[in-house]
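Coming up is one lone chain in structure tokens, specifically the form predicted alone.
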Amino acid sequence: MTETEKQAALGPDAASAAPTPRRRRRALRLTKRDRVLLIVLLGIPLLADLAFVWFPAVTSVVLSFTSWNGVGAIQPWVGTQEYKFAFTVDPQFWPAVLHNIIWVLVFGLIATPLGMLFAVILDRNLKGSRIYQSVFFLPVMLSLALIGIIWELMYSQNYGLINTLLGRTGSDAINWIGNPDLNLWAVLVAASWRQVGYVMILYLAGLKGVDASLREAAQIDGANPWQTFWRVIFPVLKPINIVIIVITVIESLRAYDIIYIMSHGTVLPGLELLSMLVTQYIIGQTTRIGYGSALATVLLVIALVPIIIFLVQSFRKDEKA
């Protein structure tokens, strides 16, 4: 039976829906200019990704098995010695891990729900809603370094706004950054100031895309606003939730700029973070490239967990679609 007879047997719909080999060849046929353009558009980002992301990452993993100090040839090969030193000897390692965990928890349990709350409120088209959105989103447009400078001035022991408002001046002034019991929480307040606006704008974008008929159907069924959000709207925002979880974890692990500014580049007690330790050992005064690379590898492994979860969720969604 020829191809034409087969299509005739299946009917006109099947004949029109099934792509013929000629159509397929026509769709895949690219001119020389198209191929060059395709290579340029794909090749440049791919090379940039390999050069600036994967090459440094793989190099860090390799260097983590050496005790190279940055001078001369890369030697000697010490295996997992640097990792054992981090896990069992370095007094700053586990406090840094704990502080990173606290950072993730504060962002996940305080900043994210607060940003979601602001998004839900602003989604109700309140009077002056755009002004409120601009006010909350303004910190997101500022770099973490600039936010660090702003909050350093507010936390200043001698002339800071917060000590002035609390009436703590002179010898009674609170040293917000120098006190190891307070400095992490003080920096987290400053970082959350920006993170709340970031989460708010993501949730607000997601809420604007929710089908209005879902809310109307919930109201017809007698659901109150609380039930409508948690049982109807929130499940629809699942893709946004996944993105925010990944962003929250990554932002927590790569926190560096704001602490570097507020601690003037030194790893203060109470402000140890893995990113600060990596910088201290790779480009600081005590240069230990091998040990700094081992810490960077630990940080890379921790950061890959949410990324892998995100990719698995995305692939499952594509397969279902």
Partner chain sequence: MRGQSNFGAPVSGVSRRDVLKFGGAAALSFAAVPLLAGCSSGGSSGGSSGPGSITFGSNYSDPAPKSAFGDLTKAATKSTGVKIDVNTVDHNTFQNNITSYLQGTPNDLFTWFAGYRMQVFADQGLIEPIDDVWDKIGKNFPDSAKALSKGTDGHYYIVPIYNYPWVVFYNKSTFQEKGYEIPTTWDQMITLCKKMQSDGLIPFAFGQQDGWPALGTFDIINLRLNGFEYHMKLMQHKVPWTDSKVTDVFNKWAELMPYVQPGATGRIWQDAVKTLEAKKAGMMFQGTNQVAAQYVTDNADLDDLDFFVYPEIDPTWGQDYMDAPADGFCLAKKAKNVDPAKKVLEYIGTGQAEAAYLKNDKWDVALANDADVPSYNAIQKKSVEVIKACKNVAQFLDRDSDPGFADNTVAAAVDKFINSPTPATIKSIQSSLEAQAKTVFTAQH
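The term rigid core refers to the maximal set of C-alpha atoms that superpose within 1.5 Å between the two forms. Everything numeric here is computed off the predicted structure, so don't read it as measured data. Positions refer to the first chain, counted from 1.
There is another form of the same protein, the form predicted together with its partner chain; it is not shown, and what comes next is about it.
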Checklist line | All of Leu63, Gln133 and Val246 with a heavy atom within 4.5 Å of its partner chain in the predicted complex | finding: yes
Note to self: Residue-level question: is Ile240 within 4.5 Å of its partner chain in the predicted complex, judged on heavy atoms?
What the structure shows: yes
Check: Looking at the partner-bound form in the predicted complex, is Val71 within 4.5 Å of its partner chain by any heavy atom?
Finding: yes
Margin query: Can you work out whether Ala303 and its partner chain are in contact in the predicted complex, taking contact to mean some heavy atom pair no more than 4.5 Å apart?
Written below: yes
Check: Could you tell me if Ile258 has a non-hydrogen atom within 4.5 Å of its partner chain in the predicted complex?
Finding: no
Margin query: Just to confirm the contact call: exactly one of 104-112, 196-204, 143-151, 221-229 touches its partner chain in the predicted complex at a 4.5 Å heavy atom cutoff, so which is it?
Written below: 196-204
Notebook entry, point to check: Quick one: which residues from 248-272 get a non-hydrogen atom within 4.5 Å of its partner chain in the predicted complex?
Noted result: Ile250, Glu251, Leu253, Arg254, Met262, Ser263, His264, Thr266, Val267, Leu268, Pro269
Margin query: Superposed on the rigid core, does the Cα of Ile283 end up 2 angstroms or more away between this form and the one not shown?
Written below: no
Margin query: Given a core-based superposition, decide whether the C-alpha of Ala48 shifts by 2 Å or more between this form and the one not shown.
Written below: yes
